[in-house]
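We begin with a single chain expressed as structure tokens, specifically the form predicted alone.
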């Protein structure tokens, strides 16, 4: 009886049982993977959280899927989207320490936000005895890399374990630098840390660009600081400039980005320009 016949002698179709024997499985379709960007500078007050949030908002405005990951125990990015950290049942602390799926701590706002709470301040101690503790965030992000085009990680103003986790998970690093001497010294220390990260944990991580922030174009000091940045780092300095404005203080109070708070303002335009630089593949 021919293989595949069910009710002979009625006509039947033959099944080619030998067709796939010994043949390799077809390759699965390629899955889009998010570009993971860490925003880091060990000096505080350089508009790091502001840049993380507003660049992500500019990506979303341009039609891209973006997630912000708040890795700062202060939770400023979380609060800047109108989320009260004290009301959260779980946060990035639980993701890093208790291996809670990161989807459980994501809230949908202007962009998706993986929220932080003050509990995150204890994460470094809780993680200190964990094997592979530097890769906790990297592993947590793996299941959602196909969900987004950009994952933007806000880091604390230090080079501790939380920041090391962010740099280990990142493909690129954007460094917001206030145009003053002390902030630029922090950039040199960050470069040293990145060299160690590349050697031991994440060989591919590179600086996407250095972003001059809180620029007061009226001062000679700011102009000189930008000149020094450009002399030392060349085309790695973004062409975009983030100028000082009270809008950066006002927008978080309303729980929104400056792009939503004042869409036609200079601050919103600056972050749209920065998004275009990043989308174009780097600095100009």
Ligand SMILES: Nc1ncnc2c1ncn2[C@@H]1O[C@H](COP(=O)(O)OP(=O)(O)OP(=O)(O)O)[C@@H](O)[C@H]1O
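Numbering follows the first chain given and starts at 1. These numbers were taken from a predicted model, which means no experiment stands behind them.
Below, we turn to the form predicted together with the ligand, even though it does not appear here.
Proximity to the ligand in the predicted bound form, single hit among 38, 57, 68, 242 (heavy atom within 4.5 Å): When the ligand is considered in the predicted bound form, the option within 4.5 Å is 242.
Heavy atom within 4.5 Å of the ligand in the predicted bound form - the one residue of 222, 229, 47, 256 that qualifies: Among 222, 229, 47, 256, a heavy atom within 4.5 Å of the ligand in the predicted bound form occurs only for 47.
Could you tell me if residue 248 has a non-hydrogen atom within 4.5 Å of the ligand in the predicted bound form? Output for residue 248 is yes: heavy atoms within 4.5 Å of the ligand.
Would residue 157 sit within 4.5 Å of the ligand in the predicted bound form, counting heavy atoms only? Although the ligand is absent here, residue 157 would touch it in the predicted bound form, with heavy atoms inside 4.5 Å.
Might residue 214 be said to contact the ligand in the predicted bound form, defining contact as any heavy atom within 4.5 Å? Judged by the heavy-atom cut-off of 4.5 Å, residue 214 is in contact with the ligand in the predicted bound form.
Flag residue 191 as yes or no: does it have a non-hydrogen atom within 4.5 angstroms of any non-hydrogen atom of the ligand in the predicted bound form? No, no contact at 4.5 Å.
Looking at heavy atoms inside 4.5 Å, which stretch does the ligand contact in the predicted bound form, given the options 164-172, 97-105, 72-80, 114-122? Selected stretch: 72-80.
Within 4.5 Å of the ligand in the predicted bound form, counting any non-hydrogen atom, which residues from 92-115 show up? Residues within 4.5 Å: none.
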